[in-house]
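What follows is one chain in structure tokens, specifically the form predicted on its own.
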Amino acid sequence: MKAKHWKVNPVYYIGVGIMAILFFTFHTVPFLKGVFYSFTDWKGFGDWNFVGLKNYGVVFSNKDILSAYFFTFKFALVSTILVNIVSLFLACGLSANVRFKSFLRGVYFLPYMLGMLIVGFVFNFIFGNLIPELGRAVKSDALSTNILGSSHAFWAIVFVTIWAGCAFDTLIYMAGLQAIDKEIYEAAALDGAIGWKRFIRVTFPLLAPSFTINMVLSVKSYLMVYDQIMAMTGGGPGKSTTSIAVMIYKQGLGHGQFAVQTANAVVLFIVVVVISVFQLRVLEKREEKVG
């Protein structure tokens, strides 16, 4: 009888409470400790002393760190643009009346289920063994070279990222396309908006919410890129494909720069938050204009 006086079942409060405690314990507390240690000279063990903003000064003056930021921004920009173009194209194709539509949707979504780390190791083997063997068989110098060990390693990582990442974006765009009323297309056809003109003036503007979601999530994810780089190049050749996350891991845990790279992680967090908020503000204004 007492349970009837609850507007919401107490079980939901218990479940949410447990998840909140776990999130705070394993996410928020380590994050706050990281922020604290970014103002110290702690090496990950032993004693430590406060050093103020010294570690942040190193972050903004170290050439290797700045180079990693440049690579990460370039990677995030290129990958975000290409993955959204490919995903939107696939979504439009899979939403049309094509044969084996359900099968194709499963095929395109498979890479997302495998996980980026596994996909990276698979393509590491393909680029490092299968393609060079094929190149030697057909006597092609271009194919005989492992692209991951060349100056074109950046584009190999971008290709794998798009191949694995477009599945989720395609799903979001397909959901947006299905939400568009068919009568809008019929009215647009009467006004002469067909083909490419219909896409530019009707479909794309109405996909504004889906576009906002994909842009924000893509940029956030690619600014923190780690798995595919570690699986494919390890940051090489040299340091040409070292992202911020890879540098934080390698330099922080392997080269005794724990405090400096902790400060680097805090800077990365701030960068991701600022860019995400900026994107939301700009894209939400676009949605309001469309609406």
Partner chain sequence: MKSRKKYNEPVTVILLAGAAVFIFLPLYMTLVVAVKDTSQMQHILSFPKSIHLENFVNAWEMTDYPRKFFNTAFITIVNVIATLLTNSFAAYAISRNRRKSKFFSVLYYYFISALFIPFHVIMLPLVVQANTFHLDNIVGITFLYVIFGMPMNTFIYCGAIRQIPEALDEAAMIDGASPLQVFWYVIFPVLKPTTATVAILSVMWTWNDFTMPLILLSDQDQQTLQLSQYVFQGQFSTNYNLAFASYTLVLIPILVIYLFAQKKIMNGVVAGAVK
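Worth saying up front: this structure is predicted, and the values here are computed from it rather than measured. Positions refer to the first chain, counted from 1. Take the two forms, superpose them, and find the largest set of C-alpha atoms that agree within 1.5 Å; that set is the rigid core.
Another form, the form predicted in complex with its partner chain, is not on view; read the next lines as being about it.
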Original post:
Is there a heavy atom of Phe121 lying 4.5 Å or less from a heavy atom of its partner chain in the model of the complex?
Top reply: yes
**OP:** Evaluate Tyr222 for contact with its partner chain in the model of the complex, applying a 4.5 angstroms cut-off between non-hydrogen atoms, and reply yes or no.
**Re:** no
**OP:** Look up in the model of the complex whether Gly235 has a non-hydrogen atom within 4.5 angstroms of its partner chain, and give yes or no.
**Re:** no
Original post:
Does Phe71 reach its partner chain in the model of the complex, with heavy atoms at most 4.5 Å apart?
Top reply: no
Subject >> Option from 106-114, 73-81, 199-207, 147-155 whose residues, in the model of the complex, bring a heavy atom within 4.5 Å of its partner chain >> reply: 106-114
Original post:
Looking at its partner chain in the model of the complex, which residues in 223-262 have at least one heavy atom within 4.5 Å of it?
Top reply: Met224, Tyr226, Asp227, Met230, Ala245, Ile248, Tyr249, Gly252, Leu253, Phe258, Gln261, Thr262
Original post:
Is the C-alpha displacement of Gly135 equal to or greater than 2 Å between this form and the one not shown once the rigid core has been superposed?
Top reply: yes
Original post:
Fitting the rigid core first, would the Cα of Phe24 be found 2 Å or more away between this form and the one not shown?
Top reply: yes
Original post:
Once the two forms are fit on the core, has Ile14 moved its CA by at least 2 Å between this form and the one not shown?
Top reply: yes
